[in-house]
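First, one chain by itself in structure tokens, the form predicted alone.
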């Protein structure tokens, strides 16, 4: 689906009267008026996601589709009330798409180009934790409002603070702590654990926080092996051999994209899922692509209550229908995450415009409106309560994969939802330190 084009400014004859008519006529001759009109009616958003390579199919394309669903709805005023006003602060959205592939250095260069050459008003994007960490300080340097919808590393706001950067999802602490709670509840006799996670910030953080939380809940537990394959390795023969030999009760994995699909296929072929309980903290993004190839009983999350794990609400029902009408496929969690980022951005722009009495607000005004924003999204409430109002505070959910062969449907059984207060560290405290300290203050229903 192509980006939505800005509508042309049309001056009605009824406006061409007396002094106003003279002003417009002179301005048109000088070339000043068209620039001003274009700025007033169009909001240019740079969207950065994986559009090629191993991460595109399971992540980047569904994420882009989530953006496009919201752009079409926002420009047309089609989101249900109270979000049914057209545009962001009345402006139509024009999207500029950039491929996130190529590594952090390339993404910093691309970010500068978006701001300095393509003159975007906002940037929305970044799936990779390495990319979002690299880009965030540049966003503050250039004073560019940047909304991060997917990148999950807790380091983004634990190790720094930003004025112009927002993340509208919870970080990986919720995934790891939620996974440990789920195992404790559903498989209380599990004691030996192993991990296979990508060897960079995302995978390292995810495994650390999971095994710390699991150890806290099961003091007599033991780590039997830790595997850290290279990102996008594609083949996991040696790692699976080690896991088969060590026979852990539980295998934790934050593999994603094509790596996750390769691991599931290779592990199933060797019967790994029959010897150990596998938990895929972000497996929901791949479940429809894998279908019957995903073994029943694998524990899966969507990095929150998204996709099939999203609670049924009128707004969620609308989003799923709107997405499927455009793309003839169900939205997965990257679709939800980018859609709720776009929705938050619209609310912030509209709120800032209203506060100034109408018109297009400045970046500073939108930043102020976005800070500590709390809004209903698609089956979830987004509360920008952390990171000085720049980091979302949400819960998560886990379930076990089940493929219904009679209907060809991929779904879940034994779902558990965890409240934000159960799976997040208190404000101002790093997640790992909170877990090591006994997760004091956690409220789990």
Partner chain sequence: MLTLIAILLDGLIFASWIFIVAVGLTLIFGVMRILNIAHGSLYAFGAYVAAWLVGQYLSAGYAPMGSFAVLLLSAIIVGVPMGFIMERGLLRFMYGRDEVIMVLVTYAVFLILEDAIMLIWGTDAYFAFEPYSLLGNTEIEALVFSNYDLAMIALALVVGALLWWGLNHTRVGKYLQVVIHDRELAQALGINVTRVFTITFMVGAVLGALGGAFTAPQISVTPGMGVEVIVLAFAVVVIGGMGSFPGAVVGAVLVGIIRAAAVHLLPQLELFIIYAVMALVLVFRPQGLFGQAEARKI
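Positions refer to the first chain, counted from 1. Just so you know, these numbers come straight off a predicted model, no measurement behind them.
Keep in mind the form predicted together with the partner chain is missing from the figure; the text below concerns it.
Considering the partner chain in the model of the complex, the lone stretch of 412 to 420, 392 to 400, 57 to 65, 377 to 385 in range is 57 to 65 [heavy atom distance within 4.5 Å].
Listed residues 365, 94, 261, 249 were compared with the partner chain in the model of the complex; 261 is the one with a heavy atom within 4.5 Å. Checking 192, 273, 241, 85 against the partner chain in the model of the complex, a heavy atom within 4.5 Å turns up for just one residue: 241. Contact annotation for the candidate site: 234, 237 and 290 all lie close to the partner chain in the model of the complex (heavy atom within 4.5 Å). Although the partner is absent here, residue 269 lies within 4.5 Å of the partner chain in the model of the complex, judged by heavy atoms. Residue 265 belongs to the set of residues with a heavy atom inside 4.5 Å of the partner chain in the model of the complex. Mapping the unseen interface onto this chain, residue 227 counts among the residues with a heavy atom inside 4.5 Å of the partner chain in the model of the complex.
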